[in-house]
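Given next, in C-alpha cells, is a single chain: the form predicted on its own.
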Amino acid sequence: MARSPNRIDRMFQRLKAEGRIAFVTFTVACDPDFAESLARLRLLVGNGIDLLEIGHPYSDPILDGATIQTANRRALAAGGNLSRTLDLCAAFREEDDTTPIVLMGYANPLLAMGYEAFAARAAAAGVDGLIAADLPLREAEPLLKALGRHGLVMIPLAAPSLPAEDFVSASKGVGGFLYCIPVVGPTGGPSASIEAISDAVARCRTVSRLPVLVGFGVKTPDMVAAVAEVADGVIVATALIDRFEAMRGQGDAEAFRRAAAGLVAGYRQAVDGR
C-alpha cells in the first residue's frame, strides 16, 4: 500500500506549483535553552525557512564539525535530550501545523527509547521524518518498519563515498527527499565546487525520484543561489548557527531577533533570486 503524503510531500508539491525550491536549515533543540530554541524555530519559519531539521542533542555527534558539536554541548547543559526535543516539536506544533519537521541525530538515543516508542511519540509530537547519521539503510529495517507504521519517513544521506544501494530503498519507511552531501567530511567543512555539486545532484537523480536537497559546506548567499540552480532545495546550517551565536552576545533579545530575521531573509532572497 502506498504511503499517504505527509507534510514533507505536501511542501514539495506546493513549492513545485509555485516554481520555487526549498530553503532548509538545521538547529539543535534546546540550544541555548528550551524557550529560546522554540522562539528560533518560529523566527526561522517566519523569515523564509520551508523545512526544519532539528537535532536531538547528543554527546558524540561524529558527523558534525566544531560549530554543531559546541551547539550540542550548550543544549545538553540546558537539559536537552531526545525526550525534550520531542517536547519542543510538540510545542512548535501548537502554532504551526504546516512546516515539516525532520529530526536529525544518531541511533543510540533512538535505541534507548525503543524504535516503536520513539516513532509513536515523534508522530504525536508532529515530526515528519528522521535522519540517523550513523545508521545505514541496510541496517535500519526495524526502525524503518516502526517509522512506516506511524507515517514517518527516514531521509537517506547520499554521500559521494556511498554506493547507491546504501541510500536508495523501496521501504515505506524511506522517503521525503535525498540529502545530497557533495563533499567527504563533517558539517561546516570545506565547500564543494558548483561543478562537484552539480555532479552529485545528477548522480542522485539517476537512482531516485525523490527531491534532491544539498547540504554540507553551503555557506554564503552566493553559493545558495548557485545551488538553487541545480537542486530541489538547499540546506544552510553551520553558517547560520555561527552567525546567530555571534549576534547573541552583541545586544538584547530584540536586537538579536531583528538581526537574525534579517540574516535568514537575506538567504531566502538568494534562494528565490536564482
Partner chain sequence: MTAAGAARGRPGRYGRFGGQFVAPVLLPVLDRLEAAFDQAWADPTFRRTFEDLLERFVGRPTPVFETVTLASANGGARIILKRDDLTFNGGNYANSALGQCLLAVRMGLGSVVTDTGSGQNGVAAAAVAARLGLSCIIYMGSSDAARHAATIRKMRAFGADLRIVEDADRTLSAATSAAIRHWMGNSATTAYLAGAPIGAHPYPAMVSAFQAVIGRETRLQLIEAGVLPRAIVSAVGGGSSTIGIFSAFVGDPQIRLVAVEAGGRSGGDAPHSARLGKGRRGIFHGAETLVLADEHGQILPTASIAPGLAYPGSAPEIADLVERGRVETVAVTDEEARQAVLRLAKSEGILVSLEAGHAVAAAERIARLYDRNDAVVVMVASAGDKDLDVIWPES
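Residue numbers count along the first chain shown, from 1. Source: prediction; values computed, not measured.
Separately, the form predicted in complex with the partner chain exists; it is not shown, and the next lines address it.
Next on the checklist: Can you tell me which of 88-96, 199-207, 70-78, 145-153 lies within 4.5 Å of the partner chain in the predicted bound form, counting heavy atoms only?
Outcome noted: Residues of 70-78 come within 4.5 Å of the partner.
Item to check | Single option in Leu162, Ala125, Val168, Ile194 placed near the partner chain in the predicted bound form, where near means a heavy atom within 4.5 Å | outcome: Flagged contact: Leu162.
Checklist entry - the partner chain isn't shown here, but in the predicted bound form which of Phe26, Phe244, Phe34, Tyr58 has a heavy atom within 4.5 Å of it? => result Exactly one residue meets the criterion: Tyr58.
Checklist entry - Closest heavy atom of Pro109 to the partner chain in the predicted bound form, within 4.5 Å or not? => result Yes.
Checklist entry - At the 4.5 Å heavy atom threshold, is Val174 in contact with the partner chain in the predicted bound form? => result No.
Checklist entry - Within a 4.5 Å heavy atom cut-off, is Gly189 in contact with the partner chain in the predicted bound form? => result Gly189 lies outside the contact set for the partner chain.
Next on the checklist: I'd like to know whether Ala120 contacts the partner chain in the predicted bound form, with contact meaning heavy atoms within 4.5 angstroms.
Outcome noted: No - in the predicted bound form, heavy atoms of Ala120 and the partner chain never come within 4.5 Å of each other.
Checklist entry - in the predicted bound form, which residues of 127-162 put a heavy atom within 4.5 Å of the partner chain? => result Contacts from 127-162: Ala133, Asp134, Leu135, Pro136, Arg138, Glu139, Leu157, Ala159, Ser161, Leu162.
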